[in-house]
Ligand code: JFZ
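What follows is a single chain, given as structure tokens, in the form predicted alone.
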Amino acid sequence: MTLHPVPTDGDTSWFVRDRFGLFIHWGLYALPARHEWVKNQERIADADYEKYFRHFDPDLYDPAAWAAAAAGAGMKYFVVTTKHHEGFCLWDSELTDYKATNTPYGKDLLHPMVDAFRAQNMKVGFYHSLIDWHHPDYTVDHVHPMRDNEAARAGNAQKDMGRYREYLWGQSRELLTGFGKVDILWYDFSYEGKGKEQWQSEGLIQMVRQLQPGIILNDRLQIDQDIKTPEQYQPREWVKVDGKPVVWEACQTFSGSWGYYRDEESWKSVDQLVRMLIDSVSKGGNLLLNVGPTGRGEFDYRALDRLAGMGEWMKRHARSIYGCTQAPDEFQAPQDCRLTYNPETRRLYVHVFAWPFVELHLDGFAGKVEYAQLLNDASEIKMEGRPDWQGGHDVGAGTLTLRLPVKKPNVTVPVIELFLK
């Protein structure tokens, strides 16, 4: 049996086919270059954070280069932080002065980005922060940078979250009416004291769907919508809600930060990232992989290296990812492997994480496979069911044994393509 998520209001048909997207976290925090939550973590007041606004000038910004790097990696959609928690906006919003057009750079950053990624035939997604540490009506709470400042907390009496909500709704309306078709709206995030009551999530969702029918909405308005978004971990199995499978995407970083972090060194290898993508698809999910551009508007050299490495693998193995999902229950992955399955072509893909010596035993596969080949070069893999050369060792009547080359193919993760009968 193959799992099928319950349909939702958003159009997820392309999403579960494309499987691989780019997250972009970019804002003023690229200048301190020590985590996108730097304002919060270091309790920086607005007056002190203002220096980053006064010096934000990404003069090397080339959105066409960004889009080319993402497309080259095999990514099919992108999601960018139109506004993160710091409150700074990448586009020329009519509702605030705290935006890119008022920095030394002086231009809208979002429109050229959308155009560049569309030119690469990539779907468009907007991340938008529900919280805002800069807005004058956003109340100071336990998640706010000024949480330990008594005067700031006392100022809550003069703040009006209703006015802030109008701002949130108004900017959402701007994003959904000023950029053509928007495929994903990725809100972030709700917590105790700042949730669906404060955002009036039901009405906000209704407005979003009226403005952009078919748009995919995430799960962070405290009302589940089209996709679940596990962050910085890989689920053990297909994500379920009330026991039923749902559409989901793992949100992951190249390193330990979402925004540009100059001195962060826990960068994942190409091998680890490819396995993460495979693992997500093998459980019916997507991978949204993040880049934090620098303050001058470039992708970090380490990010470019990882994107190029993933693209090299995807060039030869994309059909084990696009259009694929978790394998039917009758097929169980052998040790150190992941299975993906394309229900339209009825091809099964064995991703071999640890290359075995000569034999790979597929229990329960006997009699079900017509042909096998390495995906990277379309070279035949010989199949045997209880072969004579095993010296009489009984591997089970239902076991299909694949005869592999001794040397691991020269690819990050080898994939065996099985054509089912």
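Computed from a predicted model, the values in this text were never measured in an experiment. Numbers for residues come from their place in the sequence shown, where the first is 1.
One more form of this protein, predicted in complex with this ligand, exists but is not displayed; see below.
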| query | finding |
| --- | --- |
| Candidate from D224, D141, D188, D137 lying within 4.5 Å of this ligand in the predicted bound form - any heavy atom | D188 |
| This ligand: the contacting residue among H317, R306, K99, H85 in the predicted bound form [heavy atom, 4.5 Å] | H85 |
| Residue contact check: F20 to this ligand in the predicted bound form, 4.5 Å heavy atom | no |
| Exercise: W258 in contact with this ligand in the predicted bound form, heavy atom 4.5 Å | yes |
| 4.5 Å heavy atom contact, D115 to this ligand in the predicted bound form | no |
| R220 within 4.5 Å of this ligand in the predicted bound form, heavy atoms | yes |
| Segment assignment from 77-85, 177-185, 103-111, 205-213: heavy atom within 4.5 Å of this ligand in the predicted bound form | 77-85 |
| Contacts with this ligand in the predicted bound form - residues in 17-47 whose heavy atoms fall within 4.5 Å | F23, H25, E36, W37 |
